[in-house]
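Take a look at this single chain, the form predicted on its own, given in structure tokens.
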């Protein structure tokens, strides 16, 4: 992977909301083409802010950041570099309703390609390809408000895939989904990585990480990179996960299973977490 082209390079990046509220503090990292990366961190650690930076929705308050070799401070809204960037990077928000606003799912998936000014025959091809990839062709003529939570997530991902980006950023893609729907979506995300796209998934759900990522970046509650390494090594580092507030200190492993203690008066139970 070291020979792959650099997609994102951040050096001591800081971000302040409203110029005073620290959201990220001294983030340095490099992500290369084709990597599958999980951003792990407790709620409020800055994962969503980092994804917005990588998507170009916000710019660093301090530090240096380049995307596809272009410095972010040169990516003004009117530059050719900015247009190239936004065609190559797609962000799937945690709330799919942010991305689903058209009368039908098909219209939502077609919106991006139409904005690019592509011929209608190419728009139709991209819509069909994205719907097929997310296995929701049957939802093409449905209104977004009629969909279940899992269907909305898949439609939102399809609306990004229709742009045919090189990089797909996903913010808590499995949040608030029932177990069956969650694992269907996880498998679909895994397939995106197998197609060669750079995948960056922000999550605090440890059980999905081995399937969607090979590399893990842990963002600590101090809003800095706490650890960066192979998914297996990170997930086996119990002290690190406790420090990042990703597991409770009583969580431990027995053989191939993970159990969490439930402490109450006179009872010590164990609940299996898969």
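Residue numbers count along the first chain shown, from 1. Quantities reported herein were computed from a predicted structural model and do not represent experimental measurements.
Beyond the structure shown, there is the form predicted in complex with a small molecule, which is absent from this document and is the topic of what follows.
Chemist: Would you check whether the small molecule, in the predicted bound form, lies within 4.5 angstroms of a non-hydrogen atom from each of 18, 23 and 44?
Modeler: So, yes: the whole triplet contacts the small molecule.
Chemist: Within 4.5 Å, heavy atoms only, one stretch in 206-214, 35-43, 59-67, 230-238 touches the small molecule in the predicted bound form. Which?
Modeler: Of the options, only 35-43 has residues within 4.5 Å of the partner.
Chemist: Though only this chain appears here, would residue 48 touch the small molecule in the predicted bound form if you measure heavy atom gaps against 4.5 Å?
Modeler: It does: once the small molecule is placed as it appears in the predicted bound form, residue 48 has a heavy atom within 4.5 Å of it.
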